[in-house]
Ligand code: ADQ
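A lone chain, given as structure tokens: the form predicted alone.
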């Protein structure tokens, strides 16, 4: 008889595994840890108990056999070339992503994409059911796997299921455009606890269940039709590994690299920095527009002021992303052609990714960090910049439409749609006295330090264990109004009587 595979008390399910495949010069395959806050958070959780991670390995075709890496059991899920196109590039990133980000570009609806999304979610649910121990805790991640909670509950009613949304959850008026809106909500209601970045996102979900499913809701809870089971939805904003990233930024070689970067750029008086995935939600075009106008008006200019824009390649087979790349590169070329100087370009544009050490050095080199998304679930770049500024230098310009703004109120807040206002905010970030900027940075760093990624993971798991009730143990610091311990408040007309439906909150 074949040896039964081991099972685990904690299972993470995410679209991707936490490792990337690297083929060495000799042809040997190596697996290296992927960058990102989620991987860091789960590492801290899985050190204390054996855990498994279910996800796609990144290549179309047959999946590798399950393997262990850095103490985590990795269970790859296969995706065919057609499924990568339809489930991932199609439904996840050309249907759901636009709807969940204010329809900045139109969403595309194809029934074959939806069919592929259902198929892949079923495959993930079956893989999780295979590796989960009796009574295990399962933590499903993000918008690619919204059907997994209910599919998994049908297979394994014994497990406790949580889901966390790393991106915004849209208002019901936008979510209602989805032809498969009811199926997505039903899929999520298979969970015991649903975590979101902002209270507004959790409220949007509860409201969607009430209006589109006719579900009974009360504050942050939704009663599942045909049962007494309740699902709790609340905000637990994600964060960064403050201690680890700060230690990296304090390394002598990283600090030396920061000085070297400034010198290579001609030691400008003001170095501004943008670091984004190349995505239309990130507001890169708006940022460049504001910067171009400031240059044209001669309020700033090279070589005294320069901008470095790092745009990490993303989803390059999706039409909207290819168009965006062309537009940004054309804009950068025009700015440098018309407003740059010999030996002093106005914009240094870099279209590739960098290792963590280089990013920490860039953050320390930058006098002004421009984080200007049109909509973002959190934006960890803002928190990474703050973490790396152990010298209390720098200034953070932060869009009001990021989840990070709800925690980092002291930053130089902006509405990226308001180009004139964005210009004024940039100038304030440049011209505010250094002493005041140090005071602001100290407050921002205290917030990120107190609410790091390890605390995020611990608070989420505590909320999942207690759901639908509030967790008994309080976090080590008093919660803010944006955190999970604050329940959603009903709208004035929302009824608490059984069976009554309230008006939209």
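Note that the structure is a prediction, hence the values are computed from the model and not measured. Positions refer to the first chain, counted from 1.
Note that the form predicted in complex with the ligand isn't included here; everything after this is about it.
Novice: Which one of 381, 209, 79, 290 is close to the ligand in the predicted bound form, taking close to mean a heavy atom within 4.5 Å?
Specialist: Going through each option in turn, the one that passes is 381.
Novice: Can you pick the one in 119, 312, 243, 410 that has a heavy atom within 4.5 Å of the ligand in the predicted bound form?
Specialist: When the ligand is considered in the predicted bound form, the option within 4.5 Å is 312.
Novice: Considering the ligand in the predicted bound form, find the one stretch among 128-136, 421-429, 351-359, 169-177 with heavy atoms no farther than 4.5 Å from it.
Specialist: Single hit among the candidates: 351-359.
Novice: Please check if residue 387 has a heavy atom lying within 4.5 Å of any heavy atom of the ligand in the predicted bound form.
Specialist: Taking the distances in the predicted bound form, the answer for residue 387 is no, it never comes within 4.5 Å of the ligand.
Novice: Would residue 191 count as touching the ligand in the predicted bound form under a 4.5 Å heavy atom rule?
Specialist: Because no heavy atom of residue 191 falls inside 4.5 Å of the ligand in the predicted bound form, the answer is no.
Novice: Would you check, heavy atoms only and a 4.5 Å threshold, whether residue 317 touches the ligand in the predicted bound form?
Specialist: So residue 317 does not count as contacting the ligand.
Novice: Answer with yes or no whether residue 203 is in contact with the ligand in the predicted bound form, where contact means some heavy atom within 4.5 Å.
Specialist: No.
Novice: For a quick check, can you give me the residues of 87-103 that have a heavy atom within 4.5 Å of the ligand in the predicted bound form?
Specialist: Just 97.
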